[in-house]
Each structure stands twice: as C-alpha cells, then as structure tokens.
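Look below for two forms of one protein chain, each set out as structure tokens: first structure 1, then structure 2.
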Structure 1
C-alpha cells in the first residue's frame, strides 16, 4: 500500500509540473508547448537539485515504459482521416520527410557553426594566455 501511494505521489508531482507549465504558457502567451516548458522546468529542477530524482523516478519510468500506450489516442484519431490519407498520402509523406530533413540539416549546420565558434574562442583564449 505504501509503494502504491508513493508511486501515485510521483505521478502527481509530474502531472503538477505539466499543469503548471500549461498554465504558464497560456498566461504568458509563450510560443512553445506547455509540455516542452514542463520538461525544461523538470530538467532545471533536477539539475539544480530542487527535486530529487528519487522523488519522481518510479513514476517517470512507468510513464516512459508505457509511452506507446499514450500515443493511442493520436493513432486512433488518424483513423478518422483515412480518406484524406488515401487521397493525399504520398504528398503528406513527402512533406513529412522533407520537413524532417530540413530540420535535421538546419540543426546540424547550427551545431557545427556553434562548435566552430566555440573552438575559435577557446583558441583565442589560449593564445591570449600564452602572450
């Protein structure tokens, strides 16, 4: 019984973080989804040791383990668009693949650019220390 209450408490903590982030996005008109803000807040809280990992670990593992189950409503919702998928499936697939590739290329280019800039700053710092 004690384990069940602790587990439900952990799920409640994660849910409260999600609800607070949804409310913050709505209140502040932020251009990101509430779930993304919630993950950022949770990461910050864990990295700054505001929240202990033990406080949410079992609940988070349970949710991660059953993640595919949480996508069922999305997949079932797609079933109602069967005619659209039959009529425009190829175009949708091309758009999804193209947008994914564009996102990956942009992310890779930005990462390489920032990495190059960081190396230049480190070299400049090393050079100024040597002088």
Structure 2
C-alpha cells in the first residue's frame, strides 16, 4: 500500500513538471513541445541534484517502459488510412526504409570518424611526451 502511494506520488511529480513546462511554453510562446522542455528541465534538475533520482526513478521507469501503450491509440488511427496505403504504400515504404538507412549510416560514420580523429590526437600527444 505504502509502495503504491509512493509510486503514484512519483508519477504525480512528473505530471507536475509536465504541466508547468506546458504552461511555460504557452506563456512564453516557445516553439518547442512542453514535454521536451519538461525533459530538459528534469535532466538539469537531476544533474544539479535539485531532484534526487530516487524521488522519481520507479515512476519514470514505469512510464518509459509502457510508453508504447500510451501512443498505441495514434497507431490504431492507421485504420482510417486504408486508401492511402492502397494508393501509395510502396512509395511510403521506399521513403521510410531509404531515409532510415541513410540516416543511420550518416550518424554512425560521423561518430566513428570523430572517434578516430580523437584517438589520433591522443596518440600524437603520447608520442610527443615520449620524445
């Protein structure tokens, strides 16, 4: 029972952060989603130890674990798009698959290139130290 109350309390804290961020976004006319501002605020609050991880950990991990359930109703909306899929399903598939692969290769290649550069710089330093 005590655990259940604590757990609901944790979710309530996350909800409060979300509501405040949502309010801040509409008040300041920020062009970003309230949820993203909330995510940033929570990350900084955790980093600066304003909120301890323990205070929200269980509730947060529960919500992220079942994130799928929360947007399931949007995917079900696909039932009204039968005509679109019939008409341009193949084109959609090409667009999605190709852009995903291109993006993945670009990310991986960029990061690997930077890691290599970094290692070379470190090596040069070691070398000059040895000399």
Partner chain sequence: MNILTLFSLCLTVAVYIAARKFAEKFPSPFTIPLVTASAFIIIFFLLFDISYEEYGTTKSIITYMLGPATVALAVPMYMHREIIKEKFWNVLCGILIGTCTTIFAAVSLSKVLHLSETIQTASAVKAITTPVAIDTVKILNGDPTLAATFVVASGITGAITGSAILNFFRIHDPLARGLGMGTVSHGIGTSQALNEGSLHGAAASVAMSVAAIMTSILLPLVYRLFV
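Nothing here was measured: the structure is a model prediction, and the numbers come from that model. By rigid core we mean the largest C-alpha set that fits within 1.5 Å across both forms. Positions refer to the first chain, counted from 1.
- Form assignment for the chain places structure 1 as the one matching the criterion, namely the form predicted on its own.
- The rigid parts compared between structure 1 and structure 2 meet at a hinge, and of 74, 30, 100, 57 the residue found there is 74.
- Two rigid parts make up the chain, and between structure 1 and structure 2 the smaller of them rotates against the larger by 13 degrees on C-alpha superposition.
- With both forms fitted on their core, the C-alpha atom of residue 78 sits 3.3 Å from where it sits in the other form; this compares the forms between structure 1 and structure 2.
- Once the rigid core is matched between structure 1 and structure 2, the CA atom of residue 119 is found 11.8 Å away.
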